[in-house]
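Take a look at this single chain in structure tokens; it is the form predicted on its own.
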Amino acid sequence: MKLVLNCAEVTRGDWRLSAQGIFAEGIHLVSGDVGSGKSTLALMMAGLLPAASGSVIREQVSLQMISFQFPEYHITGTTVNEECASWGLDPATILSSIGLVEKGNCDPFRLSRGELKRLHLACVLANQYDLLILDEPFSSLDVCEKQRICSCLSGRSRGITVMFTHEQTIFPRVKHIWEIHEGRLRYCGSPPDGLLNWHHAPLLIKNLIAAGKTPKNITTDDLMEAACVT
């Protein structure tokens, strides 16, 4: 299965975003400055925003999901239990995994933003998709939750996962790195070589590369291993 961006372009007045590339199975990280068009590209890849020109082709993609930055957009249940059930999941299992068992009968909108994000991502990641698009999955999460989500993502065995993020510290193991630069989607490559071409690489990774300690990948373990090289 794969997703193909064939000279796909979105325009808004004088603003323009062009995207060319093939997203095959594995985890893809897409970075870019604020306002560069990451959320717009996510919507176009999910089929929720038509391309002004070019095309977006999904091959052998039968089931897809886009997770928005703000979890409120996804809520349909009047209680937390109902929200879990709406995803076809057992509420007890989901809520136990994220430490919210006592919140089962609560209105989802009475949860904190972090709790609601945990609930939403737990429901999303409990299912398997051919194409999973995550727009800022780490927003509103603390360090422990970010690490847990990274563990879940790194353990995905199939499908295309595209993660759009500003995160600078905690990442899952990725297969491909992309970035939006000067109005275009740019392929940096696969780690470790792809890190050398990554303009938006976090400062820690840039410093490691400058010191001749290019990490094998971008997980916390990979960065620590590179930092400890003598």
Partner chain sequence: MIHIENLRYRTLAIDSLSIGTGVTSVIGVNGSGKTTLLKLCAGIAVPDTGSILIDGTEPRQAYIGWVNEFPDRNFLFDTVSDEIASTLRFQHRPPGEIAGRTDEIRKQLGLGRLSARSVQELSGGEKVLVALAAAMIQNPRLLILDECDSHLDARCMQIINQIIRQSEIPFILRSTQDMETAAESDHLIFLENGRVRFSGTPETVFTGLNGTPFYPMSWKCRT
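Numbering follows the first chain given and starts at 1. Please read all numbers here as calculations on a predicted model, not as lab measurements.
There is another form of the same protein, the form predicted together with the partner chain; it is not shown, and what comes next is about it.
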Taking 4.5 angstroms as the heavy atom distance cut-off, pick the stretch from 27-35, 190-198, 176-184, 49-57 that is near the partner chain in the predicted complex.
27-35
What is the one choice in S86, T79, Q147, S97 with a heavy atom within 4.5 Å of the partner chain in the predicted complex?
Q147
Does at least one non-hydrogen atom of T169 fall within 4.5 angstroms of the partner chain in the predicted complex?
yes
Using 4.5 Å between non-hydrogen atoms, is E102 touching the partner chain in the predicted complex?
no
Taking 4.5 angstroms as the cut-off for heavy atoms, does L17 touch the partner chain in the predicted complex?
no
Within a 4.5 Å heavy atom cut-off, is S139 in contact with the partner chain in the predicted complex?
yes
Could you tell me if all three of V143, M224 and A227 have a heavy atom no more than 4.5 Å from the partner chain in the predicted complex?
yes
Scan 56-70 and write down, in order along the chain, each residue with a heavy atom lying within 4.5 Å of the partner chain in the predicted complex.
Q69, F70
